[in-house]
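Below you'll find only one chain, the form predicted alone, shown as structure tokens.
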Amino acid sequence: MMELTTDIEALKDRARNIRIDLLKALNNCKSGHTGGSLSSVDILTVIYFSVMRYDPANPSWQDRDRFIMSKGHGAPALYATLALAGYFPREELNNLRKPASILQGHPEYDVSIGIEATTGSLGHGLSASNGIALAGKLDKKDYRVYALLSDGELQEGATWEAITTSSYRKLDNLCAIVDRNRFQNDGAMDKIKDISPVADKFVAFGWEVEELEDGHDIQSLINAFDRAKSTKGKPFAIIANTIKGKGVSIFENKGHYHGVAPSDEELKIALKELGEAA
């Protein structure tokens, strides 16, 4: 089983390595989603290396916790995290988006490499998470389910149907995290279809909620996940206010990089900022 840690500096270093690996993979395949992958890295780092119970050597372990990347376009961040966790060699990231690769542009169900659901069509991931969480209840299992949602899919009616179901079924083994970076494919959320106030809406739909002013703060994330585990009778939502493209100045808060891979020159700049030579 994965050995978890609350060592902040160790977790920050893993997040740095994940950012480096996903940027190299995106640059190598010349396509994919840079901004939303980078914004989710710290969340994924805490989930996989400080919170979630799983075993890469036994990926089908029935008592494992489950993670659903509902924002499927953030797949590069998930793949880099799974590689660092030991589900497959990091060299496999070089095959991102290539024909017949196990690492396609959006996650495809394959428990052997840690992918619990096929996602990418926004609005479906939380429903899948509900089903997995409800199955755990019915089977009297104590595993937990974590679902990472995007800003954009909170514009989808199906997501709110799922949010209603979560609370109606009292799925207190479910934790949804919103990567609130305030951008979508076509630009800033508040210029297209604003979804504020997000936390208030989850509360109105019967969820326990914690909003993090800084969704990249490792200790704040750890504390929020601890609170989620101790909450009974309700699903738990973490609204993580993040920065699109976090970690590299040329990408931060730039909606343009939602679905654009870094060029060779941009990769050099990014790796230098992240402390690794190109």
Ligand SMILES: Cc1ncc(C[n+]2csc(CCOP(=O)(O)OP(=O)(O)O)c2C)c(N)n1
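Bear in mind that the values here come from a model prediction, so they are computed numbers and not experimental data. When you see a residue number, it is the position in the sequence shown, counting from 1.
The same protein also exists as the form predicted in complex with the named molecule; that form is not shown, yet it is the one meant from here on.
Of the residues given (Gly152, Gly114, Gly136, Gly105), Gly152 alone sits with a heavy atom within 4.5 Å of the named molecule in the predicted bound form. Screening Ser129, Asn181, Thr81, Ser166 for any heavy atom within 4.5 Å of the named molecule in the predicted bound form leaves a single hit, Asn181. If you check the named molecule in the predicted bound form, you find a heavy atom from every one of His73, Glu156 and His258 within 4.5 Å.
For the chain shown alone, Gly215 is not a contact residue for the named molecule in the predicted bound form, no non-hydrogen atom being within 4.5 angstroms.
The shortest heavy atom separation between Lys244 and the named molecule in the predicted bound form is within 4.5 Å. In the predicted bound form, Asn94 stays away from the named molecule, with no heavy atom inside 4.5 Å. Taking non-hydrogen atoms only, Thr118 never approaches the named molecule to within 4.5 angstroms in the predicted bound form. Heavy atoms within 4.5 Å of the named molecule in the predicted bound form are found in one stretch of 84-92, 121-129, 204-212, 137-145, which is 121-129.
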